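Next comes just one chain, in structure tokens: the form predicted alone.
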Amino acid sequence: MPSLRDIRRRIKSVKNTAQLTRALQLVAASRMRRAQQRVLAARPYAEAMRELIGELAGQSRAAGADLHPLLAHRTVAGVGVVLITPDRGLAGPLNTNIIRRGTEVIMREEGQSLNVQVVTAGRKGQDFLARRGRKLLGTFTGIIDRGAYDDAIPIARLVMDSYASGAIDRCFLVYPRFVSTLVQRPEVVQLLPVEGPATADDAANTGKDLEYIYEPNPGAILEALLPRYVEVQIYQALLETAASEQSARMVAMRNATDNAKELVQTYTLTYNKIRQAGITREVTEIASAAEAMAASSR
């Protein structure tokens, strides 16, 4: 049985831990609100651009124009995977879930005898793959918290250059999609070749069966817009990751604080029981000694 001194030390240590997790929870809550506002504000723009790409691609195909290289499908020999993770831990199962999903994609493509090249954004994914001896096509760290659009440009350029040179023929983007404060879902989307989601069936279902006139022509607009589209998708993934990280960290630190408080209560109860048992033993010893002295004096 531990001594009273040991239990006092444990109670002090757990209280200090609870103060630390409480502070981390408050910091994460403050950052989470800003990150959520940014990701929710950026989603309509990314979705509208996706619809526009689909409309432009459809008109280009209908006109018989040459497709932009980022839209062209070709025989797949090499695959690129852009894995976006946070830079830090203390975010519950978030990092594990993202890395597991990214690993599943890598193993699936390698199972088809394809050459897989990985680009990481975030230290957690980079460290995981580096420990397993995987050579990375590119690594980017310290960009999740900043949430700047300029940070997405080098990643997009690296991917597009690799696609244009033929080093990769298809590219997937793996990141955590922010659903709510309690839910962050690992997402896998095809980044290249660009696939416009807008189709004739979708337009009929949404009531947007409209044909727009683009100047100078859809092909010229695609030429200028497609690189920006890839950048926007990566930037949106960075924002989703930042919001997911802060939400997961806030929940994890809140649970850790609650667990620490429960542990303090348990230790305090144990401390009181041991202390009471010691007092009872001392009283019993004193009473026994008093009876023995009284008996000897008779």
Partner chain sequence: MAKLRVQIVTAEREVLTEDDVDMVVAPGSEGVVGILPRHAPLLTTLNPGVIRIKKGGVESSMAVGGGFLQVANDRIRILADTAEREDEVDEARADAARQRAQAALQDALKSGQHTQAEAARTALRRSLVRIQVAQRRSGRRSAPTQSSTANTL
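Just so you know, these numbers come straight off a predicted model, no measurement behind them. Positions refer to the first chain, counted from 1.
Just so it is clear, the following notes concern the form predicted in complex with its partner chain, a form of the same protein that is not shown.
The three marked residues, 275, 285 and 289, fail to reach its partner chain in the predicted bound form, with no heavy atom of any inside 4.5 Å.
When its partner chain is considered in the predicted bound form, residue 221 lines it closely, a heavy atom lying within 4.5 Å.
In the predicted bound form, its partner chain stays beyond 4.5 Å of every heavy atom belonging to residue 172.
Not displayed here, its partner chain is kept clear of residue 167 by more than 4.5 Å at the level of heavy atoms in the predicted bound form. Although the partner is absent from this view, residue 56 contacts its partner chain in the predicted bound form, with a non-hydrogen atom inside 4.5 angstroms.
Note that among 27-35, 264-272, 42-50, 247-255, the stretch whose heavy atoms approach its partner chain to within 4.5 Å in the predicted bound form is 42-50. When its partner chain is considered in the predicted bound form, only one residue from 88, 228, 100, 108 comes within 4.5 Å through any heavy atom, namely 228.
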